[in-house]
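Coming up is one lone chain in structure tokens, specifically the form predicted on its own.
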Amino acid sequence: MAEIVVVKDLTKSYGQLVKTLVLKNITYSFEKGSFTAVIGPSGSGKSTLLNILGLLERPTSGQLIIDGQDFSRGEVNDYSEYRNRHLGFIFQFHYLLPEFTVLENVLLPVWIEAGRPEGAIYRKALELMSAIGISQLKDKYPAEISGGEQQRTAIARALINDPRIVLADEPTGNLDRETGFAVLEVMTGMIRELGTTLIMVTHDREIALRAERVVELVDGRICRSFVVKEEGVERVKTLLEDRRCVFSD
């Protein structure tokens, strides 16, 4: 399977006088069409890595290649058009605009890219919403629907532009377990159907075990990674329960 995202010796630090190193020489390749879960304790650098992969932050050093294009040195504002067109984002908080209906929220990336959508795009949005099970909510506002329905709306919004990559940061973190797993099933089902690459940060190891690959960060470094199918779910589960971590260098 071809690689779609490659990072080499990626580092990220904050501060001028006193530097805090958050990511330390990250090297990893994400395969096209795969579902990768990024796990690790709080403060391990998971969200920072996702923000860099999503072109929301620039790395301090190292290389970031997305679909053959080098994004290592540019300013994040320069990538806004690419970000909106080729990347989809799903966060722990849905970030729906309260004054817009569910349908209007789903259509926001299209509005940003090309202005007011035409009829064909409306039909596409409704078809996508129907597949996710929220077409009946199209005229409701975010405050009028449940947390699971809000997150499904965020999923539809992330997919409306047919992104190459979807980045999800704790997308089920604000949901109860049953709703969270239901939303996850919807999200992964749609991603696999469309052949989209999914990179998800999660603190929930049970959710991570539903991915094809699991990457564990500790103290800003990759301490281990697994191809779940090769290792077997039960073995990966056992390995992840062992809190000891062996770094490659």
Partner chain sequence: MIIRPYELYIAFRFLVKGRFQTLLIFGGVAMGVAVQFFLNSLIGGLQVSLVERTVGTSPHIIMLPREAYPTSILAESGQILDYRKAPVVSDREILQWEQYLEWLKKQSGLKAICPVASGQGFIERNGISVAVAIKGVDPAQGAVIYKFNKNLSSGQALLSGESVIVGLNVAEKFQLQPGDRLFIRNDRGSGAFFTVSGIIDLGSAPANSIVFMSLERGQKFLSLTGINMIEVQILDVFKAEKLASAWRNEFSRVNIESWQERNRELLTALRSQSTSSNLIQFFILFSISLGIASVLGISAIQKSRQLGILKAIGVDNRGAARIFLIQGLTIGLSGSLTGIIVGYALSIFFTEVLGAATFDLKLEAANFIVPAILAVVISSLASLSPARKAARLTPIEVIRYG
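Residue numbers count along the first chain shown, from 1. Computed from a predicted model, the values in this text were never measured in an experiment.
A second form of this protein, the form predicted together with its partner chain, is not displayed here; the remarks below concern that form.
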Is Leu97 part of the interface with its partner chain in the predicted complex - any heavy atom within 4.5 Å? yes
Does at least one non-hydrogen atom of Arg83 fall within 4.5 angstroms of its partner chain in the predicted complex? yes
How about Asn51: is it within 4.5 Å of its partner chain in the predicted complex, going by heavy atoms? yes
4.5 Å heavy atom contact, Ser47 to its partner chain in the predicted complex: yes
Judged by heavy atoms and a 4.5 Å cut-off, are Leu56, Pro109 and Ile112 together in contact with its partner chain in the predicted complex? yes
Taking only heavy atoms into account, state which residues of 120 to 152 are within 4.5 Å of its partner chain in the predicted complex, ordered by sequence. Tyr141
